[in-house]
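As structure tokens, one chain now follows by itself in the form predicted alone.
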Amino acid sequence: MAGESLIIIGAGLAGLSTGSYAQMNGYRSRIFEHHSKPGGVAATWKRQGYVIEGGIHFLMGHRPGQSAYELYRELGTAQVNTFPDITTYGRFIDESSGRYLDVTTGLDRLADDLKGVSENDTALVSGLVAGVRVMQGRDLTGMALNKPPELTRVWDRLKFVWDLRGLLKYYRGKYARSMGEFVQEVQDPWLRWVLGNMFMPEVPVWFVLMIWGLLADRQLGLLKGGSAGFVRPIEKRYLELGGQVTYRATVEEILVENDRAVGVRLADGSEHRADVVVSAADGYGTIFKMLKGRYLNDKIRDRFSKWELIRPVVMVSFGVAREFNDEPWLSVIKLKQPIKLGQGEINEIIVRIFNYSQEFAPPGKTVVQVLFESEWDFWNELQKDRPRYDDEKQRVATEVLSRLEARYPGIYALVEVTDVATPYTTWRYTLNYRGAYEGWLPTPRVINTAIPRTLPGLSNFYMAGQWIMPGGGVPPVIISGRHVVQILCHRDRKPFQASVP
């Protein structure tokens, strides 16, 4: 049978998904992973008894009733995990004025709180909340799950449009614009900042409405065991299905004969062959390094030359010898005094407090993490001089801790562990191009673009992961692996199967 053996590059969520569904459908697969453990950007690591979370912030569709939950069941991770509901999406704080606003599950309260900020913006707020109510109860993952774009037909597209009835107005006009552009209509500066920072300001307004809808439906959950607790059961499921994973195995080249992918060459020089190669690795590295830029068209060149990437982040984590039981799990803070970094300034930070699970820290202690966007070029250049790189990480950690001290008096003396991960750290462990942890920036144009799972002129080769699912995120990258196997089954004229353990 054609395509009975697969080599998969990368043991992140997309690679593990591809492998698991491949095994379910009678293919023999093997994964080669650059890092020493699975997960890719869905990563956690340990520091002196503390667990540092570097990956998944929250999970969409974590309860029955959403197709995303069925994906998690198929991959064996829903059965062994507890996902606490998010009841407060986040607290938005302005240090200069002391004002703050909590975004909670109750839409009536959310509407009242937002309107209470600005009487002049009540009509705009009412329109947003009306959109959230329309989004409630929708299974948007299910709409994308059924078939990959390569296998959709006219009837499938008509059904998709029918499923979107009532929502189409939110995918057009003012709600299809970026949130950053939309909030320019907001008259109150504080409300403008809050709404603009609900997610990335570049995402379309409807995307934020979707998030709010999931929040109101209690379909946003936290990972009690962190990213590792979510990923390890998927790895276990894959191995139980007969798959193989080789860690610390960096793929340097995809072997091609007569425009057919036939295997891979690793950094140690060894070659491994298979009927099909699937890259669930970094998109740039796959196309321009492993394949040496030989299989391109104008659309691919346009993507990599013109599309913006997710801005990489710095994560500063502290193991603190105290509890923070009354604090929200996430706060977005507009700083009174910016943090200077390189040639620029950091004006907003995100604070994550891992107080919703005892698995992140010893009893009576807590991990507090601060995240902010930074520049790839700055850190990549700095790491060439290791002492300067380490000194800058220490300076940033000290600067960040001084801001936390102002919010949580006494925290400075209670810090037992400090960990700083830079954009270069992200690249070193994942090889993600320029530290872009979720690939493309999900602008209105990009998030609506269907990217093929194949490359022009190259057969027996497919891609999975965030580079062909703009915006990334857990359900899309898992779905991308499922889609690759659906395409293979269609090609080999066999029914696609998805079993639940």
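In this text, residue numbers run from 1 along the sequence as written. A quick note: this is a predicted structure, and the numbers were derived from the prediction, not measured.
Beyond what is shown, the protein has a form predicted together with a small molecule; the following relates to that form.
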Can you work out whether A22 and the small molecule are in contact in the model of the complex, taking contact to mean some heavy atom pair no more than 4.5 Å apart? no
Proximity of H35 to the small molecule in the model of the complex, heavy atoms at 4.5 Å: yes
Does T366 reach the small molecule in the model of the complex if we count a contact as any heavy atom within 4.5 Å? no
Is it the case that H57, even though its partner is missing from this view, gets within 4.5 Å of the small molecule in the model of the complex, heavy atoms only? yes
Can all three of A42, M315 and V474 be found with a heavy atom no more than 4.5 Å from the small molecule in the model of the complex? yes
TL;DR on 154-162, 232-240, 282-290, 128-136: the one with heavy atoms within 4.5 Å of the small molecule in the model of the complex is 282-290
Between V251, V278, L215, V205, only one gets a heavy atom within 4.5 angstroms of the small molecule in the model of the complex; which residue is that? V251
Heavy atom within 4.5 Å of the small molecule in the model of the complex - the one residue of A176, L101, V420, L431 that qualifies: L431
